[in-house]
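Taking the form predicted alone, here's one chain by itself in structure tokens.
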């Protein structure tokens, strides 16, 4: 393995294992109200992410239900700070204060994880490529398997590495492209940026299709 990548992976994995919680406790009951009412100037969360937090593949809206609360909180803070570019999300959360963002994060983190995955119609060869990249990586090009950081079955590790198994393919694709295009800069030690830059569009499509086809819940 490339020595720089090895050191970076080790440092980030240690961060995931030992870092203190990024966000204080939120109130899921208040979060439920905010999710259905919005911030007063934009659409409510439920308009895009659904009443069950499952998101929508066609619109590229990610599943939020069951994701780590501190991860969700950080993403919203980073969007408001410009570290993540989202012309859809940012205008709909920029009037929430910090406690309200924590409440929203607690609400979605406490929701049941949807048991369904996104159906795909891609060729078997594309799924095979995605499976290899996700589960084995491409070490010749310094691309580790996703599970190295995102955990067994890619069901997430703490507040640093989110669950990506069963996440919508269109969302996964858009985020890998965002890292490539410098529209997302909030990953630890620019680890995802470095990995995304090494992927071709064909590989991104394959990874997105494969991950989206996996079950979002642990067996």
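Note that the coordinates shown come from a computational prediction; the quantities given were computed from them, not determined experimentally. Positions refer to the first chain, counted from 1.
Another form exists, predicted together with heme C (HEC); not displayed. Remarks below refer to it.
- Exactly one listed residue, out of 106, 126, 113, 93, brings a non-hydrogen atom to within 4.5 Å of heme C (HEC) in the model of the complex: 93.
- At a distance threshold of 4.5 angstroms between non-hydrogen atoms, residue 155 is out of contact with heme C (HEC) in the model of the complex.
- Of the heavy atoms in residue 32, none are within 4.5 Å of heme C (HEC) in the model of the complex.
- Interface residue remark: residue 88 is counted as part of the site for heme C (HEC) in the model of the complex, having a heavy atom within 4.5 Å.
- In the model of the complex, heme C (HEC) sits within 4.5 Å of a heavy atom belonging to residue 162.
- Residues of 134 to 161 lying near heme C (HEC) in the model of the complex, listed in sequence order, are 143, 144, 145, 146, 148, 149, 150, 160, 161, the criterion being any heavy atom within 4.5 Å.
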